[in-house]
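Quick heads-up: it's one chain on its own, the form predicted alone, in structure tokens.
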């Protein structure tokens, strides 16, 4: 088991030096914070994680969530985590003070949960989804709903979930069949089933507040007929007691990874006594739910990169301690008389470790960037700036969910190679990290869904305005890099990739303009990989600029090696990862169609 699962120096470098978290403290909303208070928070969370989360990581895998006759039982350490999160205000931390929050920037919330997830990725979702559900009620619900449910949720007594998926519909929300029948008192009778409900039940929640999508009787077909309801497991009564609300936990899905994280099957209204409370207006449920879905997508990306980060540190420690083989001398032969060398000295192992570092630290930088965009969108008043921030968040969210999930998986797979035969043995954690991260590319919309969202909706919205804003941001970074001779070649590569992006999109948009949307989206996954690689290259160039400046000025608080490593890893990413966009460009520009179904079936 690795002694270290994340690097706080890297976190602080990204927060303060690359993305300037301290800028947020200039806004009135965040003025009670400063760098010192942020650092105290990070250190406290790391200390808690060292003692209460990391030591139980393997144990939660070996002793997974259990289900018996409607009852879900999770590891007892989950209770300590919920208590800690409640005590420190980490449930709904971005809420206003007078609503029970601590007005914490999303940027710092993401940093905190990166540490928690890297220590033990089984636990953070329990309070993360409660935060999202409470925020959904706060944003769109009535004062009565807020007063009834949110305070108990922020206290960690009642848990929250998002209930979208149904057995017959999967990700196709237009096909959900859960019904909501109006009652004379303004409530609704809910009947149906929901599956894959993360954190949907366990012994440490007095109540579970399910934010549920359903159709009101007579509603229009498709997504336009979906409404959002608060459906508690137990209905609160006027005297403060709770009455069972006919929401039965029918099972817990046993997963390939994240075995300590409950994933339930819920049945509503089996005895025709399940009551739901409408959130906002009828038929606008999916629009409302996208707030929580987008928050959850960023959270999944954060969890994915955290798991990959922990795996990288485990790989790195192993490579530093494992003697095997001998270095090849200038003659091209091995000196068999020499002692064994540690495997970190072999070029191929170093390449694999650098790939892990490049993916994890590049992906984390993107997530920190997204966190700051969310914070600034919350506090800026200028309409144009606020709209621009919204567009950037919309564009980057599917990338920030997908790259950590997909390339994090690649990173951990590479780590398994570093460990060799021990990589697939239960004695070492890489096999568990690999199983845990596999689910991330499926949570909150598969990679295919995220890719179609990126190309089909986000790139095209407002005539490409979001993409133009992103390119402007990238161009600003390129200009800064051009002032350093060592970085100039990489800035020029990124400039050319921006031109390639325009060419690829020009080609694909031709199909959309002709109404051939199936052909337009045919290779959306390839476009996601193409665009993600360029975005992470941008993040690495940003890091390299800051690191190079620090080396020139001598202001290197984390040590010169740390900053040299940043520049070196940027160069690695541009040499080994960016060229992959050439093959992706070729695929995206090729007019041959092989995956769209026609008259003759070819998959036999």
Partner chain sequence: MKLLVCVSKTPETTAKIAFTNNDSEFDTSGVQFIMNPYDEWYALVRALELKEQLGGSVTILNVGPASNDAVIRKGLAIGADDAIRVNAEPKSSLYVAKQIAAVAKEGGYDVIFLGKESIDYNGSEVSAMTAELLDMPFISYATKMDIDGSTATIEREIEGGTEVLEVDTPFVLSAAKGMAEQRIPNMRGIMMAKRKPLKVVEAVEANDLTTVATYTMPPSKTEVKMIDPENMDELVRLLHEESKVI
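This is a predicted model, so every value here is computed, not measured. Residue numbers count along the first chain shown, from 1.
The discussion below concerns the form predicted together with the partner chain, not included here.
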| property | result |
| --- | --- |
| Per-stretch contact check against the partner chain in the model of the complex, the hit in 132-140, 93-101, 288-296, 394-402 (non-hydrogen atom, 4.5 angstroms) | 93-101 |
| 62, 81 and 434 each touching the partner chain in the model of the complex (heavy atom, 4.5 Å) | no |
| Partner-contacting position among 26, 66, 37, 553 - heavy atom within 4.5 Å of the partner chain in the model of the complex | 37 |
| Residue 70 within 4.5 Å of the partner chain in the model of the complex, heavy atoms | no |
| The partner chain contact at residue 384 in the model of the complex, heavy atom, 4.5 Å | no |
| Non-hydrogen atom contact residue 88 with the partner chain in the model of the complex at 4.5 angstroms | yes |
| Partner contact for residue 468 in the model of the complex: the partner chain, 4.5 angstroms, heavy atom | no |
| Stretch 21-52 - residues with a heavy atom within 4.5 Å of the partner chain in the model of the complex | 31, 32, 33, 34, 36, 37, 40, 41, 44, 47, 48, 51 |
